[in-house]
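Okay, so here's just one chain, in structure tokens, the form predicted on its own.
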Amino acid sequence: MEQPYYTKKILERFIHPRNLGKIKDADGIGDTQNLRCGDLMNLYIKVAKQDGREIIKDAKFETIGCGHAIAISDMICDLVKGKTFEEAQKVGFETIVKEIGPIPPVKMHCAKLAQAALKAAIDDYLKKSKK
């Protein structure tokens, strides 16, 4: 039997994203785009101190793209909340795909774009805070 193009988990996160929106006073912003497919992804992070370490307290996204791009943007936000930067940077596109379930190979670029947006948001924070 052939794998469905949109799994239940992808559809749920696409239709009812938990992390959709902008963090107005974001500590870091990652803007990425895929010129081939036209996806635009903005990832916002809010940083806090916890037990003497900086963690990603909150993460939100604004994405213009297909259902996979929106669902994956939502998933990466959940995966990095509460993590240090070092832990969050280990959340690669493979981790995202493993958590969200199988995606068609043609949609793998969505997970790679989310990984790039996270890296850009962390880099933006580190640049702003001169770390």
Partner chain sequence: MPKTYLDYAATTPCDPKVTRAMSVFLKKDFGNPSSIHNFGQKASMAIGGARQSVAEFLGCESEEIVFTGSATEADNLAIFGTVKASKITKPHIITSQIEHPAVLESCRELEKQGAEITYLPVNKDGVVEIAELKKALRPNTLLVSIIYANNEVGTIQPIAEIGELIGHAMSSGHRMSKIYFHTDAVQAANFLDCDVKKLGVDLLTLSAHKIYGPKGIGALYVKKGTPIAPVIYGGGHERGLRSGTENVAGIVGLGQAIKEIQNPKLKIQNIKIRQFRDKLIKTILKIIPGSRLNGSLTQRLANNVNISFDGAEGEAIIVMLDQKGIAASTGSACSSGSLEPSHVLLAMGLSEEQAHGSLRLTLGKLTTQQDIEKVFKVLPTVIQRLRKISGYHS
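Numbering follows the first chain given and starts at 1. Quantities reported herein were computed from a predicted structural model and do not represent experimental measurements.
Beyond what is shown, the protein has a form predicted together with the partner chain; the following relates to that form.
Participant: The partner chain is absent from this chain, but in the model of the complex, do P17, I70 and K107 each have a non-hydrogen atom within 4.5 Å of it?
Facilitator: Verified in the model of the complex; spot residues all in contact, yes.
Participant: Of G92, G65, G82, G101, which residue is found within 4.5 angstroms of the partner chain in the model of the complex when only non-hydrogen atoms are counted?
Facilitator: Selected residue: G65.
Participant: I'd like to check something about D27: if you look in the model of the complex, is any of its heavy atoms closer than or equal to 4.5 Å to a heavy atom of the partner chain?
Facilitator: Output for D27 is no: heavy atoms all beyond 4.5 Å of the partner chain.
Participant: Does V97 make contact with the partner chain in the model of the complex, using a 4.5 Å heavy atom cut-off?
Facilitator: It does not: once the partner chain is placed as it appears in the model of the complex, V97 has no heavy atom within 4.5 Å of it.
Participant: Which residues, if any, of 14 to 53 lie within 4.5 Å of the partner chain in the model of the complex when only heavy atoms count?
Facilitator: F14, I15, H16, P17, L20, K22, Q33, R36, C37, G38, D39, L40, in sequence order.
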